[in-house]
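Next comes just one chain, in structure tokens: the form predicted on its own.
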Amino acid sequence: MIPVFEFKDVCFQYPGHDEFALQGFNVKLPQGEKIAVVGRNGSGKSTFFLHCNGLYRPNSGGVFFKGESLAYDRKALRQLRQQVGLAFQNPDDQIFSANVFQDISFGPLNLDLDEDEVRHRVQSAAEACGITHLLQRPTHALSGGEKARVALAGVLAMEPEVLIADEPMTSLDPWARLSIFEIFERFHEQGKTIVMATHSLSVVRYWSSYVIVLQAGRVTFSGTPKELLNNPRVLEETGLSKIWWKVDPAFPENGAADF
């Protein structure tokens, strides 16, 4: 099966920086998987994600979506961003409308859909995220967990094939974290692909079906969770063996038990 994304020898350098944020970056993302992306802060996770929907363009190398090289003209990027939804780490970076309904409807309205279709998409996304009771709520009056779900609803209203989430569980309590995972499960059950950055071994062990490990702007591992956790060389070289035994409250506390 053709990977949903493939990066071939991608290099990317932020203007004014001496070091590359991505260098010799090669990876394939299989379709229909729950993909965990792990690595220290500064390893390139966010830069990687921003290449997936064309917000960043490689200095060299290529990014391919379902076998086709990304194009960066306005029409192509608009189509790509309908298919690839990106949820930022901080929902405040995505929520800017006066109330929840307006915020979720922003994306569909920009697709030039008719009013009935926009309302249908907003309602469907709100139901999927359990926030129909918040549709008329001012966005400034939302809690952190509510903001996270509203931001996700805004992405889901675009009906993407791929959902990319950049550490979406940051600062959420265990109940809010569980609700986000439930949303992800419903999305994945439709045969769609989820890519999520995480620092949690529990997320890797109990949620993901595929794992990508980044270090200093390179991919040091890609494969199944079992393959990663049975690879002491990678765990040792990346330092993951020393820090990954903290259990995520959204998952069973099984510590470091074998598969």
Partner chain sequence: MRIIDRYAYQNRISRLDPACKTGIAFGALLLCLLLNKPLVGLTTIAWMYFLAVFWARLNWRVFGKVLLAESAFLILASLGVFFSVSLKRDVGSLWDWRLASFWISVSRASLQQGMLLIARAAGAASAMNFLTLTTPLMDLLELSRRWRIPAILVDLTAIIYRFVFVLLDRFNIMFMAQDSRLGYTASYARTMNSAGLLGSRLFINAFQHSRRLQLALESRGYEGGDFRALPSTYQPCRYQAWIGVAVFASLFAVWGVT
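It should be emphasised that the depicted structure is a prediction, and the values quoted were computed from it without experimental measurement. Numbering follows the first chain given and starts at 1.
There is another form of this protein, the form predicted together with the partner chain, and it is not shown here; the text below is about that form.
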property	result
Which of 168-176, 113-121, 183-191, 126-134 lines the interface with the partner chain in the predicted bound form (heavy atom within 4.5 Å)	113-121
Close approach of Glu146 to the partner chain in the predicted bound form, 4.5 Å, heavy atom	no
In the predicted bound form, Leu70 touching the partner chain (heavy atom, 4.5 Å)	no
Any non-hydrogen atom of Val162 within 4.5 angstroms of the partner chain in the predicted bound form	no
is_contact(Thr47, the partner chain) in the predicted bound form, heavy atom dist at most 4.5 Å	no
The partner chain in the predicted bound form reached by all of Asp92, Ala98 and His140, non-hydrogen atom within 4.5 Å	yes
Partner contacts in the predicted bound form for 34-69 (non-hydrogen atom within 4.5 angstroms of the partner chain)	Leu50, Asn53, Leu55, Tyr56
